[in-house]
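The chain below stands alone and is given in structure tokens; this is the form predicted alone.
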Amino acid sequence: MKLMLSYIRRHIGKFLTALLFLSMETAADLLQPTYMSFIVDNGVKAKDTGKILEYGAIMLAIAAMGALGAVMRNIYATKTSQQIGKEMRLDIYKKIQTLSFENIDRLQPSSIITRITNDVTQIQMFINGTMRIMLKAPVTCLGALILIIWRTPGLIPMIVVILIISGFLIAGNMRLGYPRFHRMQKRLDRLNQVSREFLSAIRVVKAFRAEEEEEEKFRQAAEGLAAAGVSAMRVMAVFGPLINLTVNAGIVALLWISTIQPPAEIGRLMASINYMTQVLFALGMVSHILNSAVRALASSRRVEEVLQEEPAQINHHGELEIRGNIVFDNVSFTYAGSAAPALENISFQAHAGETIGIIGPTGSGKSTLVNLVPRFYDATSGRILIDGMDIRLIDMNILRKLIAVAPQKALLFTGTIADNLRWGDEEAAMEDIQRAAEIACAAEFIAETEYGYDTLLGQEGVNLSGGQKQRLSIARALLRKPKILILDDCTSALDATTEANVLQGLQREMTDMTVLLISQRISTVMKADRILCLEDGKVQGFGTHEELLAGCSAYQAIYNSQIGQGWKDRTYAGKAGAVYE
């Protein structure tokens, strides 16, 4: 509730204006039965047409005032709640930008999406309802009860009984509803996770004809959400009618009283029955709103969890001139929730302008190692130094501005090719963009597209091949002109000839960059200045190709498996290795 109040305070003027019009509408609703009783008791019974017309005109004016209040209340409530929803989503998005990968891994992307969308929608609906009907319901209920007691004091005992029973039912509704709605949001997280995994891997699913398995996963997630929803709605289905039954019993009692009421009191009794009907409506709305409040509180707690999340990494601000010397000093790293370390006691040094090849079998920790350099994660123990300074003491904005990454899975965004390349440098001139594309061997296929650099890409570059996306990713990294360039197996989708051309272009540009070059292909790293060989998260060897071939058994095994199998591999190695000659 504290979270919602903090956003309401930002728009307190509009909120109070909505409540003012709501009060006008509620007052109009409460006055109508009283003037109806005046018409019956003072006009109809006395056959006074003047009184009937007089009170009728007053009722019409009151109805017009109520209609005006309702229209203005709806306008202000909708504008305010929509604005709050927008700001809350933006605040969550901004907060996520400050979090590290460790935070995001723990919160889970599918759950974050649910919180930005469904949870904020629940809060938004509750705030809208607060201004539209939430305050109207209790005020109408209280006002109607006061007017019943004022006009028919003998009904006080019955009113007290109705209120006590209704209060117990509403409290029970909230007590049982809150955990069920919270569970429902968790099930929605799971459904979003399954949907996201399926849609992102739909080509693999179809390639392996795994539609039935994915359908079963989705069915289970959907059934889990449906079961949680039924459990939550069952609470509403039970308590709502019980509250209605309690108030309707009061109305029946009033009708029974009317059989023994003197004729002079019929108008007053009619007003009391109308007020009891308003009480019934108000308590029904209170029950509905409290269910909405329960859902909003569950959602608010989940949104608050994101907004209060403390970044796992501390950022120190300051200026720094980076040349590109990198030192790993006994570095170990373990992913959250993992029992075994991904990296263990890693130590090596890369001099400024040096190219370090990194090779090892799948799962050896190559990508994990380079993810520590731009502080996507922080080392569990040990230190990483750049130009002698612990990277945890370097402003992350400065650090990442001077580092460029070309990942194995090239991630592109909806927009033009030029827009995607400008992620490397948003101020880049077209000449620089074209130059980077030429170095990455992307200029040729870009020229073959209908609109060149203005060609629109689909989500994740779906209208490009894997190799084309990797070349754009390399061009984007080069456009940044970084001091440290990380190439994380970013040529894996390229054929040998194209890879050789790309590496040759990179060699010309990498003279003043420190390069960490990951590859599964020994022919790609063998001409690097030095090579780091990893296995099971540990350093097996570090040195030149010749040094490792002479003294590192793990490197020898990789070499023999790739180069020592026949003339095809040796020919391929010659093509790739020629770029360094």
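The numbering used is simple: start at 1 and walk along the sequence shown. This structure is a prediction, so every number in the text was calculated from the model and none was measured.
Keep in mind that the form predicted in complex with a small molecule is not shown, yet the notes after this line are about it.
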So in the model of the complex, is the small molecule close enough to Tyr377 to count as touching (4.5 Å, heavy atoms)? yes
### Query
With the partner left out of view, is Ser364 within 4.5 angstroms of the small molecule in the model of the complex by any non-hydrogen atom?
yes
Subject >> Thr368 within 4.5 Å of the small molecule in the model of the complex, heavy atoms >> reply: yes
Looking at the partner-bound form in the model of the complex, is Ala342 within 4.5 Å of the small molecule by any heavy atom?
yes
Among 324-332, 356-364, 399-407, 378-386, the stretch whose residues bring a heavy atom within 4.5 Å of the small molecule in the model of the complex is 356-364
Shown form as baseline, in the model of the complex, CA Phe333-Lys94 shift of 3 Å or more puts them closer
